[in-house]
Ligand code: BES
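First, one chain by itself in structure tokens, the form predicted on its own.
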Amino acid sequence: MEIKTVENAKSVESDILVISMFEEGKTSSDLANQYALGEDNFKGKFGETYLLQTYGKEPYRKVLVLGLGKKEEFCPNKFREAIAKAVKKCMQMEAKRVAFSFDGIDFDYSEQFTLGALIADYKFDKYKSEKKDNRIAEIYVQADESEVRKAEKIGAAMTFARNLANEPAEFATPSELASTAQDLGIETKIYNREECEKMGMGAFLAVGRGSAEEPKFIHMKYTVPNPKKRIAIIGKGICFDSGGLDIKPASSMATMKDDMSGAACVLGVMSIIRELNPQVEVHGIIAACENMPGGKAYKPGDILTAKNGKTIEVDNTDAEGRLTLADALCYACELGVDEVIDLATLTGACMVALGTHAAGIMGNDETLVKNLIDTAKRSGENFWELPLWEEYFEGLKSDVADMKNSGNRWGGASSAGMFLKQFVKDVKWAHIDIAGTAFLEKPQKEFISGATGAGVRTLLKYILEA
């Protein structure tokens, strides 16, 4: 799909012209007002559409009226969702050239228009023997050229992350993630098992012991002269999570290829960062492995030693992501960065609390957490702050080690956050639990089922605005 900015979308020869209408309002087209409103009582409710032919009287063959709902409830996020609905409708009609013209919108919609169109255009059909080509070739819109081009890059990063997280685990192995990182053209160091052992990453390495796949610790670095800030972003990289010896039920394993969605997000961000050229130093870190019940798998009751020397009693081998993040956090805190942000499909408890519409966030610096929440809202994502109180560590206390890797079932997202906090030192830190938002089992708003690229647009906007 190619998005072209124009001064007058209505003058473009196209298959369909999409125009907007607020509820109980009118459109900018006399033809649409006559038929949609006058004869068929079209109300313009949010997401509703009305199609009519022009019979050669206009440069466009058809007009699609897109309902935007009540004007007082309208916002950039609703606009993006509406655009996605319109693009999907045009794809159903196999239109190849589509123009968009809007009236009465009082904010710059360039970014959200572009993201809505690109999200709607996405499909993961790599493994389909028959592929249906119903994508739109050209879109014309009255919008800010520079904002559209920047949003295209963010959309490309989202697509990059979605493709990775949608890949089956047989393809998206730790080695494949490492190879992907090396192909991005930025400074990258891949640590193998022996090198991780020398660094004392006993928690991360324990998780990967039961798998035939070699664990890989990935460190990507983007640098600029005199950076305004130094940020490390960490993505949970469990390429497949069987639960280990505390094995998951079969139904819970069906989508566990997505347990590396945090890693996919980090790779997506790093894939486009050179083109966006932020004046910030960014470190992308992934501890990639599989959690499998092999003959060498770590066991309940084992005591692990993390990179910072703290000991962990294994209470449950299915609480593995926090073990890999523990060593990654220790590593990141030694880089001299100002902030560390980790993203992880970490707890079912967060999904129980917030569902599939919001990620949980917590951290040791209130300003960082609030800034990320605000950035997420402006980017089209929802982050909700969860408590990080010392009381949540009570359930993690161990009789034989410094802590256990899981506690009781109550407040599971916050107790996981308290576990991670034990491995953060002398740096501002935020933890984002994307368990509910990273992978959808059914379509939701502008997204089809599957990977969503959770966190990509928020992190990129946060980095660009730093």
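Throughout, we count residues from 1 along the sequence that is shown. Everything numeric here is computed off the predicted structure, so don't read it as measured data.
Heads up, the form predicted together with the ligand isn't pictured, but that's what we're talking about next.
Undergrad: Is L346 one of the residues lying within 4.5 Å of the ligand in the model of the complex, judged by heavy atom distances?
TA: L346: yes, in contact with the ligand in the model of the complex.
Undergrad: K248: heavy atom within 4.5 Å of the ligand in the model of the complex?
TA: Result yes; K248 sits at the interface with the ligand in the model of the complex.
Undergrad: Check whether N316 has any heavy atom within 4.5 Å of a heavy atom of the ligand in the model of the complex, and answer yes or no.
TA: It does: once the ligand is placed as it appears in the model of the complex, N316 has a heavy atom within 4.5 Å of it.
Undergrad: Quick one: does M256 come within 4.5 Å of the ligand in the model of the complex, counting heavy atoms only?
TA: Close contact exists here: in the model of the complex, M256 approaches the ligand to within 4.5 Å, heavy atoms only.
Undergrad: Tell me whether D241, M351 and S406, taken together, all sit within 4.5 Å of the ligand in the model of the complex, counting heavy atoms only.
TA: Yes: D241, M351 and S406 each sit within 4.5 Å of the ligand in the model of the complex.
Undergrad: Among the candidate residues R162, R322, H283, K216, which is the single one with a non-hydrogen atom no more than 4.5 Å from the ligand in the model of the complex?
TA: Only one option qualifies, and that one is R322.
Undergrad: Please name which of the stretches 265-273, 181-189, 338-346, 120-128 has residues with heavy atoms lying within 4.5 Å of the ligand in the model of the complex.
TA: Of the options, only 338-346 has residues within 4.5 Å of the partner.
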